Ligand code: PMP
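One chain follows as structure tokens, the form predicted alone.
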Amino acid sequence: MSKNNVINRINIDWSPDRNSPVPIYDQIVKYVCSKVSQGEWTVGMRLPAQREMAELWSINRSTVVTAMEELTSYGIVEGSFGSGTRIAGNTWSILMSEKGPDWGSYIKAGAFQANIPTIQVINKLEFRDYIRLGTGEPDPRLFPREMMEDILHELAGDITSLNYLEPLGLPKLRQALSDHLAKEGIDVSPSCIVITSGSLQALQLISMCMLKKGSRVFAEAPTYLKSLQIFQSAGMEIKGVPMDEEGIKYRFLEKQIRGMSSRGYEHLLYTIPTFQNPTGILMSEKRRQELLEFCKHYRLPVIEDTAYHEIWFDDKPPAALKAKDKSGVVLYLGTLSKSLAPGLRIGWVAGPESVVQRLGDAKMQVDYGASSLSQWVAARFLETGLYDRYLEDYRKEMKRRRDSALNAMEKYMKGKAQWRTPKGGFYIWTTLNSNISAEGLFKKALEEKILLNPGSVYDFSTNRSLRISYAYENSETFEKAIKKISELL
């Protein structure tokens, strides 16, 4: 499936009314006609295949066929029904929508790039009835419901308003984060912390504020950043840097940094040193010190993403780069999405005050601040010590899931793939032994209602790897899915 086909594909969030006296096929016809006449579905956009629509609406495929045949007779749709049907290019649909704007041309003209097709499919199907074997989200059943109930009950009597907060975020939360980071050896004052709506927004703000078009962002290869389009949409290039078992091989950067600087471009390094996403690699203490010295020497700013830093199992990982940063080289990205609750949408950037103030100003232009209620909740979790207590049990459960997942991998995937044993985080980076395409396996797994994350969405070239997560599904479901994947292989 081409990239354009995926981008132009129609997503349907409507269902026919079974209690209506109007036949279902006729409801479908009227629905499609209304979308086209209003200009929401433009020429060339593609409907899902008949089978998908029948499954979506839980109706007989023959009903969909009847509706499509009628729409074809009107000249509204055309094409091969088996692979999807397009809005017609030279038929009544043009007359129906001629008074409205051509939304398709507006969409294509936007600067912000669409997700790559595979990511679009994953983002859509994660909210349907699929086994999520690659997701970067914790099991919602691990959510500390009783703790949350207690906190919300307390806050109900303490919060006097939920008005907008100052640009850097709730002072109480920034103080709580400053105290929390101090336990990790990171000395940062509340005035050097800005609250964001998750670490994704932190990356977006950095891309908006800190680099000009043509600049380069260096990152590990593979990397989570490659699955996003944030920096590319801002006109920057992401360049992969190889890794070994100790982390990023920073010496590969030397020649490229000199070349970029001579042409007047800026550059920065994005790294996940602790339980790297997607490989799970833990950067050694020695490599961290060397990398920091290298970046100080070349005045290379560092974005340190610590999303998984607190999810360790047996031994506590080396201190964050920010803990050793005495020159203001490192921007520290933190989040509660991987530990406490993704839906809180609470992240933060800790760095030089001038940078933090700039990001805070940009954030006020984007959304006027992260959720006030979420910030109060996060502050209470941190300042009462509940978060630390919760983390202890959370780590134990994640370790149990990792061990169970590794047992299942050994049982069903031995001889078919190779993988690393993660010391923390969510993922088992798995590389298939044969010439089997990870993308092909991804598509086959979809037929079995299993959602995988192929490694190529994180890499700078096609690979045979998978990012397998043990964080979302319980151990029984995980083993069932791995067994099926083994059979598909």
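From 1 onward, residues are counted along the sequence shown. Everything numeric here is computed off the predicted structure, so don't read it as measured data.
From this point on, the text means the form predicted together with this ligand, which you will not see here.
Q: Okay, which stretch from 212 to 220, 143 to 151, 266 to 274, 316 to 324 lines this ligand in the predicted complex, with non-hydrogen atoms inside 4.5 Å?
A: This holds for exactly one stretch, 266 to 274.
Q: Verify the contact flag for Ile303: yes if a non-hydrogen atom of it lies within 4.5 Å of a non-hydrogen atom of this ligand in the predicted complex, no if not.
A: Contact with this ligand, no.
Q: Classify Tyr308 as contacting or not contacting this ligand in the predicted complex by the rule of any non-hydrogen atom within 4.5 angstroms, answering yes or no.
A: Yes, contact at 4.5 Å.
Q: I'd like to check something about Gly198: if you look in the predicted complex, is any of its heavy atoms closer than or equal to 4.5 Å to a heavy atom of this ligand?
A: Heavy-atom contact with this ligand at 4.5 Å: present for Gly198.
Q: Just checking whether Tyr394 would be counted as a contact of this ligand in the predicted complex - the rule being heavy atoms within 4.5 angstroms.
A: Answer no; every heavy atom of Tyr394 is more than 4.5 Å from this ligand in the predicted complex.
Q: Just one of Tyr387, Tyr224, Tyr412, Trp419 has a heavy atom within 4.5 Å of this ligand in the predicted complex. Which one?
A: Only one option qualifies, and that one is Tyr224.
Q: So which of Gln375, Ser337, Ser207, Ser178 reaches within 4.5 angstroms of this ligand in the predicted complex, heavy atom to heavy atom?
A: Selected residue: Ser337.
Q: Heavy atom within 4.5 Å of this ligand in the predicted complex: which residues of 343 to 363 meet that condition, in order?
A: Heavy-atom contacts to this ligand in the predicted complex: only Arg345.
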